[in-house]
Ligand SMILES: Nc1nc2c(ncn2[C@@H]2O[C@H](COP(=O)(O)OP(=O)(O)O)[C@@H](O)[C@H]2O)c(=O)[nH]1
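What follows is one chain in structure tokens, specifically the form predicted on its own.
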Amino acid sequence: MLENLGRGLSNLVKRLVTSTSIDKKAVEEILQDLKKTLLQSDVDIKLTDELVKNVRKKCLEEKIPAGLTLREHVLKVIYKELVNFLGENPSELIGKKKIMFVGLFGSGKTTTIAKLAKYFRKQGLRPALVCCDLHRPAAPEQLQELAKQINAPFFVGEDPYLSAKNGLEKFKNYDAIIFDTAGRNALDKKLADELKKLGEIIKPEEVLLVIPADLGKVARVQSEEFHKLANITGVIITKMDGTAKAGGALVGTSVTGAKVKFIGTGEKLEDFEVYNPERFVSRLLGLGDLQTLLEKAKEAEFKPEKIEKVIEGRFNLQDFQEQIESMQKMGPLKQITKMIPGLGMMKLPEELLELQQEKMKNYKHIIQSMTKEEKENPEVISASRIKRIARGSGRPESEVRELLTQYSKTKKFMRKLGGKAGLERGAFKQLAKRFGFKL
């Protein structure tokens, strides 16, 4: 997520924390790097200059609060300004009855509707889906199939307007009615007129604009135009997992005055989270986001005793397999590591972060072919045992060795972190405690 921006910002924080001394000259260098990082992530130059100007003024012109060093003050200011820059407070949709989705062609709007409906169901609400997109071939079929997957009712009429009118009546007793409209360029007059008319029929309490992260700076123009057409009340950023230029989309949408409410972090219906600026910026800076991590762990039904064994590096191969499977339910491993304080600044084994679902299935078969002794004490696995395990699992010997290597690397890495105590101490944690970061 936001690879370039996150890497650049976490490197700045690492410099702040590890430098032997921080003076005004060092702060100026950091501000120049901050500006460069934001511009490379497609953030508008005017907004970038404004943010850097605010940080400079508070760091170098205003009095440092009592109890903070210049180093700590600079980090706190950068954190707070980025939070303000990206929206300040999280925003919810619970309690909104009629929700209309708008967005560009190919923005991931229809899938995002299903993600939101699934999110509502997790909150104990009853959502219903209405298709008002009769322009794109197979659009109704796609939304209907997604509705089946999340066990939500679906309706489509003979034209967009009948869909809206009849859908309102059919689902009037549901907690939330979500309307899918045709993907369009905001400057397309015919579709723009249709969108205006649909708004008059539905009278939505929320109009959500779906913007793909890879839109970059163009997000600003499109957001302005959609806002004129439909009075945007909230924004959802999709495709956050596949671009380095999401900074432009995040900031560009601010022109509507509407907050980013959710972000899509992958292709699965589970890859969806409430946008919380404080947590999001904490991740970008490499300071972690334990609150979101714990929420995801709860949803994935992690067993506390198993988590502790993994953190302390005391796990065996059976534990390893169970925790990897649970982590996959939480989302891509690359994203999960960003939620652990300090981990975003460390060079993690790329092969560990890029393990694919299919490979995990193979690993499961391999582990199931092992004896109880081998699972509990992998060090006893010799060349002859590798051959037997490979035959039993139907996988090549090279893959058995690869699993053992990954297991060993992961165990060493967790021990290197220092276990639970290691996560609760150190420079990053101490800095966080001093000025209220929620790590």
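When you see a residue number, it is the position in the sequence shown, counting from 1. Since we're looking at a predicted model, the values are computed, not measured.
What follows is about the form predicted in complex with the ligand, which we do not show.
Between the ligand and the residues Pro127, Pro204, Gly234, Gly108, the one pair within 4.5 Å by heavy atoms in the predicted bound form involves Gly108.
With the partner omitted here, the residue from Gln318, Ser369, Gln142, Asn362 that has a non-hydrogen atom within 4.5 angstroms of the ligand in the predicted bound form is Gln142. Put simply, Arg136 is close to the ligand in the predicted bound form: some heavy atom of it is within 4.5 Å. The ligand in the predicted bound form comes within 4.5 Å of no heavy atom belonging to Gly157. The ligand in the predicted bound form comes within 4.5 Å of a heavy atom belonging to Lys239. Heavy atoms of Gly266 reach within 4.5 Å of the ligand in the predicted bound form, making it an interface residue.
Of the candidate stretches 273-281, 109-117, 188-196, 76-84, only 109-117 has residues with heavy atoms within 4.5 Å of the ligand in the predicted bound form.
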